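Single chain ahead, written as structure tokens, the form predicted on its own.
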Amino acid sequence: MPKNLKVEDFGKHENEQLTSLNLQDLVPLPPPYDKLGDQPAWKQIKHEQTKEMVVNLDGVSACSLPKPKSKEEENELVEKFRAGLKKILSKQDNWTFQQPLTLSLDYCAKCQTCNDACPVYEMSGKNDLYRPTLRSEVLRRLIAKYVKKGPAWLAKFKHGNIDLNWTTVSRLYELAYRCTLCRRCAQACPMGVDNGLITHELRKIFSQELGWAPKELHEKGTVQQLKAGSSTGMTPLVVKDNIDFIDDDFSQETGFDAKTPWDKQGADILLIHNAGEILSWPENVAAFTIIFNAAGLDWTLSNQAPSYDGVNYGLFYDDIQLARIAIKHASTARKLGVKKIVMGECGHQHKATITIADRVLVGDMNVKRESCLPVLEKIVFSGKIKFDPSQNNFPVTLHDPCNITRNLGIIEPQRRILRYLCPQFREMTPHGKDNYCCGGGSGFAVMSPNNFADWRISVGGRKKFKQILDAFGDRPGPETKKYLCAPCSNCKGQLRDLLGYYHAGEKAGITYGGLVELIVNAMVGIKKPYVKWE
């Protein structure tokens, strides 16, 4: 494993990997996972796969990029990438992010302060390939040599050399999907350089100019959501049937009113869930209904496609796809005449709908949007619902979704709820805006092609797993049941895989879920505990 990978090597040795990862290189985990033998073996890319698929970065394939059929096809793709470089620097073509991108490209002091803030770089054993600055430095050199005016020799002298060829482009595509876009590096930078944004812009070039994007984010993500109504493939009829079943099931189980209002005109709140909750975590959907009904809120869900699904994978790779979905969400809110949209427990929905959609939803489309967390805080402390915190008397820790805490600064509402309702609540170290990504950010949680799942869990999610184990370090054994609170559907997908990969339920007694489940579990009068320990 090279400790000093050179940027100019990026375009050389087409059929060789730039680096490789070994389990011995990774940062050790706390007990009971401190023995290397406890680490599951990685799936290897088969030799016959490399004949058809590009595997020239680190022995991992997240994107399943097929090899070009001819040199002419290679050259055509390289030229499309060069055109994309020009467009992301054009205000006309990239009016959404051209200014912050340009500032991040121009003002890096190369101090490398951001490296130690990156959990991927740290937990990989500080493999140079995963430095937050490497992708950015490759892009800067390409722009200086091939886009900006001036002689190439001067660009080489000022910025360092690099070759723009098929090898560079294919490696850069795969490397753009080794970053979770958590933006912890941007927070640590003394100059405010945003390497996460630079990575996002690279993904945008590949999507918009070359037609490259992971199937899970594009074909099975935004395209399917716009066509069927949900990234899960659920149509309006299927969603309605599922929710009706959830309503009946949880009304009987809890003894509380779990009846969902649909398409109510003039309601105060249009609640939009991540539709993945309906299929994978229906207890989360039901908990919102129970809480909102018990508090007497005037609210509704919508059965209009795609407004029953807050997922917007365009956030991670393509502004155009993001805008298409965001506009449909706002249009539904306008048709219903609601006062505001409230995001369910989904971090990237928060960022896509609140932060980034602000660049698209202007004029009459600028519907008020709010996180569910301050809404839930007001309910819990309103006195409208009676609680018995002793019903949550087990160790609880909180995972902070990056797109809720670091991006939006929503840190205290969820904590005030947990301090009140969970007697054994304890923080991770660090936490709040300084917390670490689950490892499933930027769409990774739904991506498991080839051997990428091994990478995102063993490397991308390694720091988070260590944080979880450390938070419960005083009660490490399976005899104590422990709850990992993660108010984000995307994070829960990663945490489900992470905890399952290490058999953390059996070995450490850890289960996971959202915030609303804990709120319902503490409600006085519930028939039986809402939190399950399977």
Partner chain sequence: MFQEIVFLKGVWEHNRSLWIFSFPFHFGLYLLTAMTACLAGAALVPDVFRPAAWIFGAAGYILGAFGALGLLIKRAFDPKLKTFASLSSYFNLVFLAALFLSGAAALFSGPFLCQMTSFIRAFFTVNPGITLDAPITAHIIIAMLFLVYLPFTYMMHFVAKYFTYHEVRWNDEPMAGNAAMEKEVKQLLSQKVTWAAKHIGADGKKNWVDIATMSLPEEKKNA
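Residue numbers count along the first chain shown, from 1. Nothing here was measured: the structure is a model prediction, and the numbers come from that model.
The same protein also has a form predicted together with its partner chain, omitted here; what follows describes it.
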_Contact at 4, 219 and 319 by its partner chain in the model of the complex, all three, heavy atom at most 4.5 Å_ = yes
_Per-stretch contact check against its partner chain in the model of the complex, the hit in 416-424, 390-398, 282-290, 355-363 (non-hydrogen atom, 4.5 angstroms)_ = 355-363
*Which pick from 212, 299, 452, 256 sits with a heavy atom within 4.5 Å of its partner chain in the model of the complex?*
212
_Can you work out which of 113, 235, 304, 75 has a heavy atom no more than 4.5 Å from its partner chain in the model of the complex?_
113
*Interface membership of residue 92, its partner chain in the model of the complex, 4.5 Å heavy atom rule*: yes
*Determine whether any heavy atom of residue 194 comes within 4.5 Å of a heavy atom of its partner chain in the model of the complex, and answer yes or no.*
yes
*According to a 4.5 angstroms non-hydrogen atom cut-off, is residue 350 in contact with its partner chain in the model of the complex?*
no
_Taking its partner chain as it sits in the model of the complex, is residue 66 near enough to touch it, meaning that at least one heavy atom pair lies within 4.5 angstroms?_
yes
_Heavy atom within 4.5 Å of its partner chain in the model of the complex - qualifying residues of 320-335_ = 320, 321, 323, 324, 327
